[in-house]
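Next up: a single chain in structure tokens, the form predicted on its own.
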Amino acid sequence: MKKKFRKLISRTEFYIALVFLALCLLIQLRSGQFFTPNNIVDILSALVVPGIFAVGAFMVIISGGFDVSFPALASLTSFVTTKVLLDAGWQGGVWLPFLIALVLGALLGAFNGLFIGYFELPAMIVTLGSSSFFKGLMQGALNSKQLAVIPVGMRSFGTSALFVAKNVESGLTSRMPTTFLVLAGVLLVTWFLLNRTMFGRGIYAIGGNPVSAHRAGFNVRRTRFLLLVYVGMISALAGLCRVCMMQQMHPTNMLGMEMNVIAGVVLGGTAIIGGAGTLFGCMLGTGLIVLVENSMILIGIPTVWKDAFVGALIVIGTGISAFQVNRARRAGLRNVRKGAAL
């Protein structure tokens, strides 16, 4: 029992959960509105797109890299999908938009994967370049503009709800969007891949040490390539969900989300150098960022302070991760010295 407790309190997720709970209680005490059904649904609704993005960022980070291109990739795929279907006069359901977005996301992800996986270039540099390339392609070659109208199937999907939550006291209602099922599906598939397949074990192994992973029999190049393809597909799903929920396509609406998403992933206990992290921690850290962004007004803090609070969380999250890395290194050095002494 003591060992389990020590293991629990040694995990970053434990402390982030305490901070999350403390913040929820603070908001409830100040406003009395946090634990109302409509507010909880609003927060979960706001988590959908950042949550999907966070899953992709999480997988890249545990593999030992960084992806900063996913907002640009999502913007490009969602714009092309929406524009093509509008020009074609598509009146069908949402299945075709999702299919097109997935294919485009896989292709753009393969673009990243080719350079990172097979040419073995640094992920940060490649994705910085591809981010600019995707934005330039969208805004230059495609001459992207805001699309105030989206296809009927996407519009219907974006306005559909799993249920409606009502605040009995105020009478306010909030819809739980059907897009939440996309987040749930992405989490389920990713959890299965990471915990029940050799592909997922390979991602963790590569993040820990690529050379050791290769010696253990993992195909490092192919694993990295397939990982970036999968992340591209996840990002495309997030982008299309954003368009459906907003009921319009704005080419630059998602650009700039990468820092908050990556901060949430690292804040949730994912090691910056890769090889360690959990989906639960990823969602917990992302949820904390979303909570701060969406609940400040409830505790009487002006929204102009949002960036300051999010910046503080970024510093705390990276600081905790760096502290864990240094502690692990010191522990490893102590073990090596003990072994040498023997």
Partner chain sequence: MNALLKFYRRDRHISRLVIMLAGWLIFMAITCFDKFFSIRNFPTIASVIPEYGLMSLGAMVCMITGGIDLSGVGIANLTSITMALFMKSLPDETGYVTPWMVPLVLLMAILCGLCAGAVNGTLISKVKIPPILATLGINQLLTGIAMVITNGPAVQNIPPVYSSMINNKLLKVVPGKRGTVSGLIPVQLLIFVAVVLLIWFLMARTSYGKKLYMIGTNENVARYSGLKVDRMLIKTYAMSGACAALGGMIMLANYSSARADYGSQYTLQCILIVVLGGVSPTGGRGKISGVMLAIVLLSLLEAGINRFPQISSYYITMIWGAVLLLVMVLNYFAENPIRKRR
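Quick caveat, the model's predicted, so the values are computed rather than measured. Residue numbers count along the first chain shown, from 1.
Although it is not shown, the form predicted together with its partner chain is what the next lines describe.
- Taking the partner from the other structure, its partner chain in the model of the complex has no heavy atom within 4.5 Å of any heavy atom of K83.
- Taking the partner from the other structure, its partner chain in the model of the complex has no heavy atom within 4.5 Å of any heavy atom of L284.
- Taking the partner from the other structure, its partner chain in the model of the complex has no heavy atom within 4.5 Å of any heavy atom of V168.
- Its partner chain in the model of the complex is not approached by F280, whose heavy atoms all lie more than 4.5 angstroms from it.
- Taking the partner from elsewhere, every residue among S130, V266 and V310 has a non-hydrogen atom within 4.5 angstroms of its partner chain in the model of the complex.
- Residues of just one listed stretch (181-189, 96-104, 229-237, 138-146) have heavy atoms within 4.5 Å of its partner chain in the model of the complex: 138-146.
- Along 49-68, a non-hydrogen atom within 4.5 Å of its partner chain in the model of the complex is carried only by F66.
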